[in-house]
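First, one chain by itself in structure tokens, the form predicted on its own.
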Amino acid sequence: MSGKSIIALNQLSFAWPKQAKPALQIDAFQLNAGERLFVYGPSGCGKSTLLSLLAGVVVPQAGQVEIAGQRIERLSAAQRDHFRADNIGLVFQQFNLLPYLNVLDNITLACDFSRQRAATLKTRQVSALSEAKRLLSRLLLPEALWQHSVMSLSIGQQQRVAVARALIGAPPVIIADEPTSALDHQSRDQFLQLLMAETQDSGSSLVFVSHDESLKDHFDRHLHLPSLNQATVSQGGL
């Protein structure tokens, strides 16, 4: 892991409209390039709010959100959209796959929206299509399904497509929101091993949100968001 910061939060405060109290407050936090962070806490503690801030979907009322050297709270909404496409691979809890596209097209679409991801693949002398196929093979999705509509896949299979879409082009940050919630114990452990291996190979940092604290030991760092929304950080260890 590098000592270079990939995420830095400072004096962060965010409140949703018509809320008197902040939904999230973090005095200071830093994640280094290549680190894997586990974010956990009770319902309503601000986990989804934190992801929205990191992804630039919303901006804080106060404080700084720096991702890959860019202060994203200073960007316009359109600029944040472009920055997100280039720098952040998102695995949504509901996957957000496009039903009118097949499996491969859902994945390569990420490179259509991001010149930076496409350029990364070009530097590696690999096409978006061949990289999508490699990721699907690595994530154990049968080749017979690659041309199928994503709506014909099981929940676990859709999840693998969503992860491949997030990983393609090696964005600096991968954000995963409760990605194991629909999996049984064996499938969950297998999925985590694959996700960890792929992010390590690509050098991407991982921010992984879950209510399941039993997953903590898979991660380098832990960020606990208690009900009072004051974050505490601890070291992990495999």
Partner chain sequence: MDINLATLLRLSLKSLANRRLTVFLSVLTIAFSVALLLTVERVRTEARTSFNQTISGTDLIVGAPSGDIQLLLYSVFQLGNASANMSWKAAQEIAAMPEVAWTIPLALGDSHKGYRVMGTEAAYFDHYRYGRKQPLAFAEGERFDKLYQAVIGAEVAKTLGYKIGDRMVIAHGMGRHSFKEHDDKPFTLVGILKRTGTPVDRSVLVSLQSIEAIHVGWGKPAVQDLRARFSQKQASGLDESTLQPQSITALLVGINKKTQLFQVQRAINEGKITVSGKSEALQAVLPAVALQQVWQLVGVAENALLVVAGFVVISGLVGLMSVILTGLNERRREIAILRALGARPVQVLLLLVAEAFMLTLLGLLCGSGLFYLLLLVAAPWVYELWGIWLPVNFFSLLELKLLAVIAVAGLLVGLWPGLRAYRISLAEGLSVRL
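All values reported here derive from a predicted model rather than from experimental measurement. Numbering follows the first chain given and starts at 1.
Keep in mind that the form predicted in complex with the partner chain is missing from the display, and what follows is about it.
One residue of 132, 110, 103, 167 in contact with the partner chain, assessed in the predicted complex (non-hydrogen atom, 4.5 angstroms): Checking each option against the partner chain in the predicted complex, the one that comes within 4.5 Å is 110.
Candidate from 45, 206, 39, 55 lying within 4.5 Å of the partner chain in the predicted complex - any heavy atom: Spelling it out, the residue with a heavy atom inside the cut-off is 55.
Non-hydrogen atom within 4.5 Å of the partner chain in the predicted complex for each of 185, 196 and 218: No: no residue has a heavy atom within 4.5 Å of the partner.
Distance check, residue 125 to the partner chain in the predicted complex, heavy atom within 4.5 Å: Residue 125 lies outside the contact set for the partner chain.
Residue 119 within 4.5 Å of the partner chain in the predicted complex, heavy atoms: Residue-level check for residue 119: no, no contact with the partner chain.
Close approach of residue 51 to the partner chain in the predicted complex, 4.5 Å, heavy atom: Result yes; residue 51 sits at the interface with the partner chain in the predicted complex.
Close approach of residue 81 to the partner chain in the predicted complex, 4.5 Å, heavy atom: So residue 81 counts as contacting the partner chain.
Residues of stretch 184 to 203 in contact with the partner chain in the predicted complex (4.5 Å, non-hydrogen atom): Contacting residues: none.
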